[in-house]
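Shown next as structure tokens: one chain only, the form predicted alone.
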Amino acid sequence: MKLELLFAPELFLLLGSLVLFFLTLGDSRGNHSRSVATVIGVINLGLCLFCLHQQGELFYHAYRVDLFSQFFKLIIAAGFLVVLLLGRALKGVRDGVRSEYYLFMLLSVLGLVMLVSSVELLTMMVALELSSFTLYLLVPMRDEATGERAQMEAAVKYILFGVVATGIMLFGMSYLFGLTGTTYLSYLLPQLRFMSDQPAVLVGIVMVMAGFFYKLGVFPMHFWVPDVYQGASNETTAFIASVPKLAAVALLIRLVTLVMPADHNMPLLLTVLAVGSMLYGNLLALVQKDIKRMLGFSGIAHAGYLLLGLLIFKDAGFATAIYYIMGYLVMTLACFLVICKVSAQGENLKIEDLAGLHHRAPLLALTMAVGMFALAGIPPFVGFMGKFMLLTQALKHGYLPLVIITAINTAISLYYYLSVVRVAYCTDTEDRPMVPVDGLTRAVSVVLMLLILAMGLAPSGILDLATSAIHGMPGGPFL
């Protein structure tokens, strides 16, 4: 297999980043960069689809290309393209930095696609930092007229918490290296299985996982989420809330395979984190007025739901977790599509700003309703099917108390999700203006709604592909 094909998506993203970098040096601004970034996003999606079944190893076996990594690269590419389409106006970003904005977002995507192929700790660290530090730069690029300088506070919190999470993860990597003498996951796996009775093994793995818990917004690594969601521009929040979480799930699955299934400490820890995330996220989301801040706390709760798939330590649980994070990506992007379009100048929206949306923009109101119904877990949408399968797997493996707590949290979340639908459909417009919807927005809205419905009605195809991808990853035979 030619090395160029194995590394083709990454090489193309790197080339695209260079093109956008040269655009930042000239006088061409937002429109040119937006067009170039969109073309790059379309070609990258096609390239990831073409390279889906490529297999091989690069960089002295530190970089693995297999169905698992390529599957996640395809989803990341699709999410990136949707973010570009829903936020192509960039109403909340300053005109003078729009070229740099697209450059940093593309570099973050490059880091994410490298991250899902990393099977060596230092390679993983470099890819994570590339994806993270470019995100830190996106947050303060918000226009001060719409951000009211809240983006500066959000950016400072984001980077400070991120540096702490990175330090914890690096410290955990030093534990694993000290115990085994290697940084390669393929060699760590068999050696750690013979050391499962040593507390340092669990401590090292948990500290490494903490970096990805931060990315996912898992309690107690969640403190950045509400402030960053609220302080960043709508387009930036749409990206942060969806695409990086895909890579976090991929790496958590790789790391969880390092733990012996017979070890009861890790399942107990993941159970505590799941319960904490669900309760904290749902209870605080109940009192939120800013819709992005509400979705931030909602994202913390969904991270708790997703952990149910990981603590099972079986391929079925991992496949369900992959299915759920894909569904969460589509549901979240559908909601942010509406937020970006309803926000006239890129300002934050309160829930009450959606009043009468069914009259002002019927398609957007329907898109928001479908997204909220899906996030709430109402059938027949993907959110219901994802939660149902996660609960089924957890119940099958004896986690009845956790299943009950999850069901209670799902019931709690119904209140704030359906409150948004109630405001959009059951209140007057109160002289709020009509929302113009162009043809491309209509097309993206329809596609997202169809995906939410189709994934809920026919999940087997995605689950089969996810299961095949998991079986092909290092450690798969031990699951």
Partner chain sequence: MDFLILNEGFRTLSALLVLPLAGAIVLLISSSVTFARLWTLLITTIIAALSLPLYWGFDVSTARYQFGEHLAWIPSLNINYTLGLDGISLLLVLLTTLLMPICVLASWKYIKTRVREFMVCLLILETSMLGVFIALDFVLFYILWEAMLIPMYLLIAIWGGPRKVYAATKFFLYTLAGSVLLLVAIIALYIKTGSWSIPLMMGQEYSTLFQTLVFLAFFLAFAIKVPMFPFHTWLPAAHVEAPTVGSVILASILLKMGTYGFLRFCLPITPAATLTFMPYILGLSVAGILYGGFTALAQSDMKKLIAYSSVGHMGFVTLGIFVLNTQGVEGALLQMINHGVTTGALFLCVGLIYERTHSRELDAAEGIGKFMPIYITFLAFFSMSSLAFPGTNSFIGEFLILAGGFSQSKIVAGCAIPGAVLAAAYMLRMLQRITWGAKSNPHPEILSDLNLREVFTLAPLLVFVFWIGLRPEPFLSVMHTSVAHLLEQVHQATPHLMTAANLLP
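The model shown is predicted, which means the values in this text are computed figures rather than measured ones. Numbering follows the first chain given and starts at 1.
This protein has a second form, the form predicted in complex with the partner chain, left out of what is shown; the following refers to that one.
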Inset, instruction - Although the partner chain is absent from this view, report whether Phe72 comes within 4.5 Å of it in the predicted bound form, heavy atoms only. - result: no
Inset, instruction - Classify Arg432 as contacting or not contacting the partner chain in the predicted bound form by the rule of any non-hydrogen atom within 4.5 angstroms, answering yes or no. - result: no
Inset, instruction - Mark Ala200 yes when one of its heavy atoms lies within 4.5 Å of a heavy atom of the partner chain in the predicted bound form, and no otherwise. - result: no
Legend entry - the partner chain contact at Met207 in the predicted bound form, heavy atom, 4.5 Å: no
Inset, instruction - Give a yes or no on whether every one of His61, Gly167 and Leu192 sits within 4.5 angstroms of the partner chain in the predicted bound form by heavy atom. - result: no
Legend entry - Proximity to the partner chain in the predicted bound form, single hit among Leu122, Ala407, Leu179, Met152 (heavy atom within 4.5 Å): Ala407
Legend entry - Answer option from Val421, Ile40, Cys51, Leu451, heavy atom within 4.5 Å of the partner chain in the predicted bound form: Val421
Inset, instruction - Sort through 304-312, 240-248, 383-391, 84-92 and report the only stretch with a non-hydrogen atom within 4.5 Å of the partner chain in the predicted bound form. - result: 383-391
Legend entry - Residues from 397-433 in contact with the partner chain (non-hydrogen atom within 4.5 Å) in the predicted bound form: Leu400, Val403, Ile404, Ala407, Thr410, Ala411, Leu414, Tyr415, Leu418, Val421, Arg422, Tyr425, Cys426
